[in-house]
Each structure stands twice: as C-alpha cells, then as structure tokens.
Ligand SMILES: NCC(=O)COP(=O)(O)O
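Below sits a lone chain in structure tokens, taken as the form predicted on its own.
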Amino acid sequence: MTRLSVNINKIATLRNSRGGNNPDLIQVAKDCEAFGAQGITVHPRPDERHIRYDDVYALKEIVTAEFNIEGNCDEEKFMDLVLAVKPHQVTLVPDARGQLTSNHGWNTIENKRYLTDVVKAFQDEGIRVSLFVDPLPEMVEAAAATGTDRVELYTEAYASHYHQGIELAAAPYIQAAEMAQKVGLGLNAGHDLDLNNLQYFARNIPGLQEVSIGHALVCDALYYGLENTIQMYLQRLSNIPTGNEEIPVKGEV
C-alpha cells in the first residue's frame, strides 16, 4: 500500500491569517496520525507565510509517524533547520524565493554536482533524501547519479489532464516510475493529487511508495471532516476497488 503523508501547510496558513493558535497545528498533526496518516509533511519557506521554523522544531517533538520536510536547499536557513531537526526524510524542491507553490522539478542533469554535495550532507546525518523532479525518465536517471535515495514526481500535469484522458495523463509517470525502478530509486509523488485522481494513479504507477497531499485534503476536510477525509484518501491508496472512482459532489454527501 502506498503511504499517505499529510502536508499541513494549509493548516498553518489558516492559523496565521488571524494570529493566535487556532487551529492548533500541533494538535492537527497528532490527529492526522491518530486518524491513520503514515506521515506528516511540512514545507517551510523563507517568509514563513505558513509553516514557521519554530513549528518544525515543535513538530519534531511530537510526530511519531514519518516526518518529511520539503524545501529549497539553496536557502542556508533551510539547510541548518533540516540538519538540526533530522527528519526521516528531506524532499529538495527548487523553489524560487517568494514562489506561491512548487511548479517544477530539478534539472538533475545541470545540477548534478550541486545536488550530489547536498544529498551527501543530509545522508551523512542519517536523513533520507528525495529530489522533486518532473516526470521525465532522463531526469530520474540523472537523479540516481546524485546518490539520492528517492525522487518525488511532480504530479500537477497528471492532475490537470486527468479528466481529458486518464491513460495519456498517466503515461509519462509510468515511464518515469519504470526508470526509477531500473536505476534503483525509491518513488514518491505529490502536487494536486485528490480524491478523484488518486486511486488510478496509485494503481498504475509502479513502485509508488508515498504520496504527499495537503491542499486538496484540507479542502475536502471542510466538507467531510478530517478523520473521514483521511480514511477516504487511505481507501484510494489501498488499491481495493470501491465501485466508484469519483467522489460525490460536495454538498450531496
């Protein structure tokens, strides 16, 4: 079964919009684990507009599932944070400063030397490393040359084209996943995966170990409740046929 890591950035965004501590980020992380999530993901950015650096230290104290920190290793503060916290996994994403959300993967060919050094720095501290990449076999193959443990496939293109043709949307990801298996890399995926498109992806992408989902899951929780929503996502990942790939229209449940 592919593991579900819940990205709680949007919980922090909601909290920060009014100040104070409502919703309580730490309690939400505990609840996600209690409701079945096998991991917690955060993506701190330099402006701390959602997850704050202090949040990461606090989460380290209470997360019992896999703890995954995403971010741009070009930021010295991010490097220091990850090396101090020592999460189970760090996912390196080539975000520009001020970028709204991640929108592309690493060019692992052009950045091979740089990434090799960064990957080693984290692995030397016992941290598993995943590189965020586009679904291109050549980028996956070059990622392996950096020494990384895994790649995370950027799934926005799959989500955008899912309703226009499922097989065509998934095809590049299948090819990228097959390359990951060929070169001995673990495989994660994330970005815009949701209750509609997740099950097909999980069933058809070979070797998929983990998905990181935040925005869609938190939006769904507004309608279905957090515990029920996590169970719905876990069901999609279980590869057990549900008889209906689509979820009901919100408001009709």
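Heads up: residue numbers just count along the shown sequence, starting at 1. These numbers were taken from a predicted model, which means no experiment stands behind them.
Quick note: we don't show the form predicted together with the named molecule, though the next part is all about it.
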* Pop the named molecule in from its pose in the predicted complex with a site C-alpha superposition and tell me open or blocked, counting ligand atoms that come within 2.4 Å of any backbone or C-beta atom (3 or more means blocked). => open
* Asked: With the partner left out here, if you bring back the named molecule in the predicted complex, are Asn7, Thr41 and His191 all within 4.5 Å of it by some heavy atom?
  -> yes
* Asked: Quick one: does Cys32 come within 4.5 Å of the named molecule in the predicted complex, counting heavy atoms only?
  -> no
* Any chance Gln199 has a heavy atom within 4.5 Å of the named molecule in the predicted complex? -> no
* Proximity of Arg203 to the named molecule in the predicted complex, heavy atoms at 4.5 Å -> no
* With a 4.5 Å heavy atom cut-off, would you call His215 a contact of the named molecule in the predicted complex? -> yes
* Structure fact -> Testing 221 to 229, 205 to 213, 57 to 65, 22 to 30 against the named molecule in the predicted complex with a 4.5 Å heavy atom criterion leaves exactly one stretch, namely 205 to 213
* To do: Output the sequence-ordered list of residues from 148 to 164 with at least one heavy atom within 4.5 Å of the named molecule in the predicted complex.
  => Glu152
